[in-house]
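Starting off, we have a lone chain in the form predicted alone, written out as structure tokens.
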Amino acid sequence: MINAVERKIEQYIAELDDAYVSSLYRKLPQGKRLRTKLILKIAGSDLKVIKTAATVEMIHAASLLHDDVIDDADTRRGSVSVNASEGNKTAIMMGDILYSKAFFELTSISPEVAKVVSNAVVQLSLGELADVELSRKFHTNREAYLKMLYQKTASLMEASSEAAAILVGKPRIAYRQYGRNLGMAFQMIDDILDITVDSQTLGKPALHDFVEGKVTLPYMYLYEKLESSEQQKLAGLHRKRLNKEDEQWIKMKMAEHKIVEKSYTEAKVLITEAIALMESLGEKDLSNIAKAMIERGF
């Protein structure tokens, strides 16, 4: 039924009656459609469910377009990003078009679903702003980082699960918690992969997050373990273009202090909770999605 969601998105884009917008949409990489998979597994495949999944994917695509502009990204999932090929103004406006069309279509689904999803976009935007502010300097504010992680990534996953539950009368609080845990763990694992996976597989330079200014949990944990002079060195490398020696030093220290394992354990706690929650509700497929996430790669 994922194909039905893709067709619905294509229909929404075609309704805009703009050839350039259609061509820009075709350039966007589709990704794993995790939010669509969640919605379909929770709520089935009637028309309102398909529409909900389509609007959520359009919102997600819009957020990535804006994110790439903010990060000055040249690539998105291994392909040239829209901002790199068409310019920042075009990428921003394409994102706005996708947001606006998604909001318009949400109004025909359900007032409660529209409220849940649109609130997630508010959180997403707040998270993007927080990410920009947190990236200005090296920090170890774990609480602020986790709040940003929830807003920027987990809120839309949370809303996807809750909206699907609303559509079919399932207990929305349980599914909302499942989506939140999944979203938090998803980004935590992304943070780990940025350190552990090679550039070619990742589709962007290794340690790219740190170069961009993002101080993710592994770097916070590492900072706590380092001696004073090493802490100064790590903080001094923040937002700098790293040479091979710098990269090797960071990875060596991560390995020495078992930072990846510590970070992975934190993500696994969230996933284990999500698995238990879904198994208590007899949702085997949703439990399996969570299990696959903790072992995922690119």
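No experiment lies behind these values; they were computed from the predicted model shown. In case it trips you up, residue 1 is the first one in the sequence shown, and so on.
There is another form of the same protein, the form predicted together with a small molecule; it is not shown, and what comes next is about it.
Visitor: Of the options M254, L38, I271, A62, which one has a non-hydrogen atom that comes within 4.5 Å of the small molecule in the predicted complex?
Guide: Only one listed residue qualifies here, and that residue is A62.
Visitor: Only one of L222, L124, V117, L182 gets a heavy atom within 4.5 Å of the small molecule in the predicted complex. Which one?
Guide: That would be L124.
Visitor: Please determine, with the chain shown alone, which of 80-88, 67-75, 102-110, 166-174 has non-hydrogen atoms within 4.5 Å of the small molecule in the predicted complex.
Guide: Result of the contact check: 67-75.
Visitor: Identify whether the small molecule in the predicted complex is within 4.5 Å of every residue in the set E128, Q187 and K214, based on non-hydrogen atoms.
Guide: Yes, the whole trio is in contact, each within 4.5 Å by some heavy atom.
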